[in-house]
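In C-alpha cells, the next block holds one chain alone, the form predicted alone.
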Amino acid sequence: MRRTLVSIDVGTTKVCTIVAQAHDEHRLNVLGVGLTQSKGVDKGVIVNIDDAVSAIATSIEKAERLSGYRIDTAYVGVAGRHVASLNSRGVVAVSHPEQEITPYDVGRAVEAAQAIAIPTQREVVHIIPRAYIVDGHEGIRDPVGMSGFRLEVETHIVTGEVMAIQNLIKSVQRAGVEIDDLILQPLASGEAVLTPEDKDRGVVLVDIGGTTTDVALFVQGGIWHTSVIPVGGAHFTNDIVYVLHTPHNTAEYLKLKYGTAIADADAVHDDDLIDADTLVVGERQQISRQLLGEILQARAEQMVELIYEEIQRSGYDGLLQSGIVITGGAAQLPRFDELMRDMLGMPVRIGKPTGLSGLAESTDTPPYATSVGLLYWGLRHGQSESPYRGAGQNGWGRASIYDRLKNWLREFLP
C-alpha cells in the first residue's frame, strides 16, 4: 500500500508544501507542490503569527489544489539562529542477568545522556545516538543482542528555544494542519542529498537559506555537529542594493541573471554593461558585470570563511573524506562550488534531491532539498504517534520522556 506524505518548509524567503506518494524507501512520486512567498518569518523564526499563518495556509491550499489530496498532517522543518546542539555521553550497567544488551538498556543509556543541564527556555528537538561503546570497545552501531557489562552511548542533542518552536507549531496548526514531527532542517536536507557512503566517509552538508546557512557534519553514518551561520542568499542581494543603489527586485534579478561567485576579469569586456534601474524613479544606470561579480565574490568568500571556521570549531575537520555538499537556493550561484573548492582544498559538489518522479522537475533542484528531505525523513523514520499534536491546547501536548525515547530508538536502530 502506497503511503502519502506531506512536508511543510517554513523559511525566511519561501514557504513550500509538498504532497508525495512513497513507492519505497528511496523513491517518491510528487503529486503537488505549493510555493508562496514567506511572511512573518525572520532568520528562520516566526515574528508575526498572523502573517506566517496566511503564508502557510496559501502554500497548503496550492498543494491541495494541485494534488487533489486533503492535507491533515505534515512533517515540518525547524531551523533558525535559536537552534543549538551539543554532544553528550550516557553510561549504564547492562541489566540482563546474562549480560545481553536489550533495547531497554539502550533506552536507559540514551536517557542518561540526556541528563544534562538544559535551560528552561530551551526544548530538545532531537537526541540522536551516534555510536555505542560496550566494555570499552568503540564504534559499535547497534549493540542490541551483544554481550557486555557496561554500555555507553554517544549522542548528538539538538535544542531550540521553546517560544520559537511553540510559535512554529501554533502557526502550522492555525493553518489547519497537525504536525507529524518537527525535524531539524539540515538533518532533513541530508536525507535528500547525501548518500549512506557520504555519511560513513565523513561529509559536511551546507544548506544555504535566505538569511541563514545550516552546517551539519556527518561522520561514521551519523550526525556529529550542527550549527547555524547568520548569512544567507538574501545577503548577496542586499550587497547589490547597497553598492549599486538599485531597487531590491532589480538586485535580485541581476544576481539570478548575471551573478557569479568568481569575478573573472578576463571573461568580461569593458563594454559589457547592464542597463538597470536606480533608486530614483525613472532614472537608469549602466552596471559593469565585473563590478557585479566582485560584489558577489566578496560575500561568497566571507560565507566560505565562516563555514570553514565552523568546520574547524567542530574538531572533526580531519574526518571528512567526502568533502562538502552544498544545497539550498544560493548553491545555484554559478561557480560558488568552484570558489569553495579553491579556498578550502576539499571536494565540493552541489546536492540535489534524488529518487523523484511525478512533478519531479519542480522539486529536483537545491532550493527544495529541505522540503523533499522532510518527506524522506517521514518515510524512513516516521512515527505513528506524534509528540507535537495538540500542542498549544493543554500545555505542549508532548509525549512522555519514555515514549519519546522509544520513538528516538525506533528512528535510529534497525
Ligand SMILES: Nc1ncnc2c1ncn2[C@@H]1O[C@H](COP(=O)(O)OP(=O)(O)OP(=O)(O)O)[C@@H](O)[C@H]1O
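Not measured: the values here are computed from a predicted model. Start at 1 with the first residue shown and count on from there.
As for the form predicted together with the named molecule, it is not shown, yet the points below apply to it.
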Original post:
If you check in the predicted complex, do 311, 323 and 346 all have a non-hydrogen atom within 4.5 Å of the named molecule?
Top reply: no
**OP:** With the named molecule left out here, work out from 67 to 75, 208 to 216, 120 to 128, 138 to 146 which stretch has heavy atoms within 4.5 Å of it in the predicted complex.
**Re:** 208 to 216
Original post:
Does residue 252 reach the named molecule in the predicted complex, with heavy atoms at most 4.5 Å apart?
Top reply: yes
Subject >> residue 188: touches the named molecule in the predicted complex, heavy atom cutoff 4.5 angstroms >> reply: no
**OP:** Mark residue 333 yes when one of its heavy atoms lies within 4.5 Å of a heavy atom of the named molecule in the predicted complex, and no otherwise.
**Re:** yes
**OP:** Please check if residue 162 has a heavy atom lying within 4.5 Å of any heavy atom of the named molecule in the predicted complex.
**Re:** no
**OP:** Would you mind picking the one in 112, 234, 291, 84 that has a heavy atom within 4.5 Å of the named molecule in the predicted complex?
**Re:** 234
Subject >> The unique member of 273, 319, 256, 116 whose heavy atoms fall within 4.5 Å of the named molecule in the predicted complex >> reply: 256
Original post:
What residues of 291 to 329, in sequence order, lie within 4.5 Å of the named molecule in the predicted complex by heavy atom?
Top reply: 328, 329
